[in-house]
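As C-alpha cells, one chain now follows by itself in the form predicted alone.
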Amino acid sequence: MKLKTKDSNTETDILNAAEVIFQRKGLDGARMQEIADEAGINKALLHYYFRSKQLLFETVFHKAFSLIAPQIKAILDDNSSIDDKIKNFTNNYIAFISEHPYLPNFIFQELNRNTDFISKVQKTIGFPTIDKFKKQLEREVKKGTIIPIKAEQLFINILALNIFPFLAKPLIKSITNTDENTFNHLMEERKTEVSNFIINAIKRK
C-alpha cells in the first residue's frame, strides 16, 4: 500500500491560512475548521498535517519568529552605533509586529501556560542575545557619551516601548478615540518617535 506524502504547497497554504485566522481571532478563538476552510481543504486533511491547533500555532510562530530573529540578532551584533541599533531595532520590530499583530499576545499567553516554551524558542538558530550590545554600551558609558545605564534596562525599555501599544491596542484605541487606520498611522510614527525618545533619554547632556 502506498503511503501518503505531505505536499509542501498544501502545508504552505495551511500555514498562511492559519496566520490569517490566528491574526483575526487569536489562539483561543480560532477553530481548526475555520483554518481548513480558509486553506480550501477539509478538516481531516488539516489534521493529517497538524494534529492539533497548538502544534499548528507553534509552527506558525516559529515560521514568523525565524523571519524577525535573525534581523534582531544582526542589529544587536553588528558594528553600528548605539543610536543606529536603537533606530534599526525599533523600525524593524514595529514593521514586523504590524504584519503579525497576534504574536505579542500569543507570546505572553504561551509563557503563562507553558513555561518551557521560551526554552524551546531559545534553541532556535539565530536566537538573539544582548551580549555584544552590552559590551558596546559599557564602552560608551565609560567614554561619557551615554549616561550610566545597564544594557538589560535599556533593552527592556526599547522592547517595552515597542511592544506595549500592540498589547494594549483596544485600550489605546478607546482612550485616544482612534480608528484602525489612525492607530496604524500612530504605529508608523512610533518608528521614529520611540527611537528619538530613547536616544535623547540616554545621551549625556
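Model, not experiment: these values are computed from the prediction. Rigid core here is just the name for the largest C-alpha set that superposes within 1.5 Å across the two forms. Residue numbers here begin at 1 and follow the sequence given.
Quick note: we don't show the form predicted in complex with the DNA, though the next part is all about it.
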| query | finding |
| --- | --- |
| Stretch from 141-149, 156-164, 172-180, 42-50 whose residues place a heavy atom within 4.5 Å of the DNA in the predicted complex | 42-50 |
| Residue contact check: residue 196 to the DNA in the predicted complex, 4.5 Å heavy atom | no |
| Non-hydrogen atom contact residue 32 with the DNA in the predicted complex at 4.5 angstroms | yes |
| Exercise: residue 23 in contact with the DNA in the predicted complex, heavy atom 4.5 Å | no |
| Rigid core superposition, residue 29 Cα moves 2 angstroms or more between this form and the one not shown | yes |
| Core fit, then residue 174 C-alpha moves 2 Å or more between this form and the one not shown | no |
| Rigid-core frame, C-alpha of residue 54, shift of 2 angstroms or more between this form and the one not shown | yes |
